[in-house]
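Next up is one chain by itself, shown in structure tokens, the form predicted alone.
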């Protein structure tokens, strides 16, 4: 990968050596201080007493001395990664000392005295991007990996860091560039009787690109779920077993359960992992008319949770005829991700008639645990990527999705231009607009303010 075009504008910054503590705040067995930049090696030599000179990719034993008394404070391991074979593409030093905040802060303070400056949030990764070590989608994946809460999220982020999304975009861009090149050649050599590409062929090529980008755009629905997780509201009438079902899914007694209807008066939330996807469960107050002020407030909160949830579990009682208000809830959820749960099937009651609803129905017993695995499987099928859709090389944030959406808009405009017999010079403007959006996706052409917004969300030291 070539260095980012904006790297020239960053020369004054790149000539600075940056320093930061790269491990979380607090005490631990090991703490790491990072240095990156042209003077990283000489600053590290000034901070440490080394038993042997630093060498690329080799760990060296070192001692940290008190600058005032010259007495030994700690022992450390220092590793030098020489440019360009480092994370940032610059000389990079990692000093692993014991995780005492006092020692780590001393190292940073001494580094500042020797000419380094404190790194901004995400500046190490920003330098990796500007030096061409990684593209922007890979940089965003670094942040996603750090923030991952489940192993599934970590795997997805690792695939993105390895360039899965970039590899998926590359052939699409290549096809687009080839189309642009042919059209440009037809314009440049028009006097030499070079044949212009027929309109039908132009449309066919645009359609081929559009199909691939539309698939990529659809991946955002799943990518957003993987990245941010889902909220699932458990709703239904009082005493149908919502809180018991909530406790079963959480796998502990989180919500209070009694035989008295209306026990749950406020929203109870808990975060769990469903097949590696973070899922925030919301146990709601039973939906019914109530004159009790506290319960009425809880019911109003339940309706708000129902409206805001990504996923809804409508719990009904097995063997009890479907009530009108339950039927209305089911009807109102048409087109949304929702599931009907017939609870208390351990009582061996007949199936409820759920009308003309197309929602999946799962039978459970929150009391015995019967059907809970089936419920989890049904929920997982609703949040996994659709059959046939790739789970790697997906869009995981709004910036990526907007870039692909705007690229598709450029292709639509180009196809309309062909239909209007617009000159190829004008048609190319739409195709170049699409190319710019794809370049912005990987960061080959990206405005400074966008880069600042992205990297400012990173932790300091990464």
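Remember, predicted model here, so these are calculated numbers, not experimental data. Positions refer to the first chain, counted from 1.
There is another form of the same protein, the form predicted in complex with a small molecule; it is not shown, and what comes next is about it.
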Region of this chain that lies against the small molecule in the predicted bound form, out of 77 to 85, 178 to 186, 207 to 215, 113 to 121 [heavy atom, 4.5 Å]: 77 to 85
Even though the small molecule is not shown here, does it sit in the predicted bound form so that 167, 399 and 439 each have a heavy atom within 4.5 Å? no
Could you check which residue among 143, 222, 133, 155 gets a heavy atom within 4.5 Å of the small molecule in the predicted bound form? 133
With the small molecule left out of view, choose which of 310, 94, 159, 270 has a non-hydrogen atom within 4.5 angstroms of it in the predicted bound form. 94
